[in-house]
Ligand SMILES: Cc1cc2nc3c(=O)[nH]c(=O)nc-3n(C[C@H](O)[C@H](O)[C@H](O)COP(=O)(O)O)c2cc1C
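Here you get one chain, nothing else, as structure tokens; it is the form predicted alone.
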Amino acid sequence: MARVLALLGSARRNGYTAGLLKQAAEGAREVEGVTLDVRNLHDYHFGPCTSCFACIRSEEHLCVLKDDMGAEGELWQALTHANGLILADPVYGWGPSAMTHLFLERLYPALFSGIFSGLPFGSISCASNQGMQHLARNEICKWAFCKGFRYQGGLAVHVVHLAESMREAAALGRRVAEAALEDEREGRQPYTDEERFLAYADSHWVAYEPYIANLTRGTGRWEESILHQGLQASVFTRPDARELAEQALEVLKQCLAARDEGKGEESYKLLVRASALWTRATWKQFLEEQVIGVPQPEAYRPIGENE
């Protein structure tokens, strides 16, 4: 049986958000061969990541904290046995709730093991006053991208259109369940960075422009990029790190040229490679010896075939 984990981020167990999650769960139950595991995040005890980096240093890449999101924690264990994840969350302060942010933050160890890469995922963000449910939904989509989830969709709900949203929640539940069934039958399929960047191009949070802005310091020009700045300032004192940074800059130039020529998909693919090279360069220079003490894990931002 495929298992879908349905999580509620609200402490109000019978509120609007809980009702939407119930509908999503009912939709998922309609898919034969799927079982539902419905839980409330507020029933568990876990704090923020403490930045101890034990999860990076160990071969298993598991959290050492003794709480419900640690390696032996009940909530972490539930997620590792899931083939799909649905997260329903109220809108607080024009964004996701702190509990949902905390939960997703604690998935940090999985970046280095790749255990959740490709996990089918759907979200529901529910507002009942001013709104801003789209901002909250988009933020969760961004976090889903960062964790490598296989995005099945996200709902931005205001209670003004609750009845319609109930039907949409059921449909979302069915989509996640169908993807979870495939995950269970075929095994977790590899979800490369390139596939992820391209897949999220049609989602509620598109990585391309923010990542270009990140590398180019908001200018969109390689001459103003942090890559060029770092090389000019000679901060890369390790030869292997400097070589990787130089490669990253050259690929970034190609990426921006492809963008200017209207070659969207090519530009995306080049951005993925540039960012992976940059990740490897900065890891070697700043993290490997000074902070983390170990080489970059293989599952985290691999360069690819041409490495």
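In this text, residue numbers run from 1 along the sequence as written. Everything quoted here is computed from the prediction, not taken from an experiment.
If you look for the form predicted together with the named molecule, you will not find it shown, but the lines that follow are about it.
This chain is displayed without the named molecule, yet in the predicted bound form the stretch 90-98 from 175-183, 90-98, 201-209, 106-114 comes within 4.5 Å of it by heavy atoms. Interface residue among 140, 227, 127, 82 relative to the named molecule in the predicted bound form, by the heavy atom within 4.5 Å criterion: 127.
Contact check for residue 16: a non-hydrogen atom falls within 4.5 Å of the named molecule in the predicted bound form. Mapping the unseen interface onto this chain, residue 220 falls outside it, with no heavy atom inside 4.5 Å of the named molecule in the predicted bound form.
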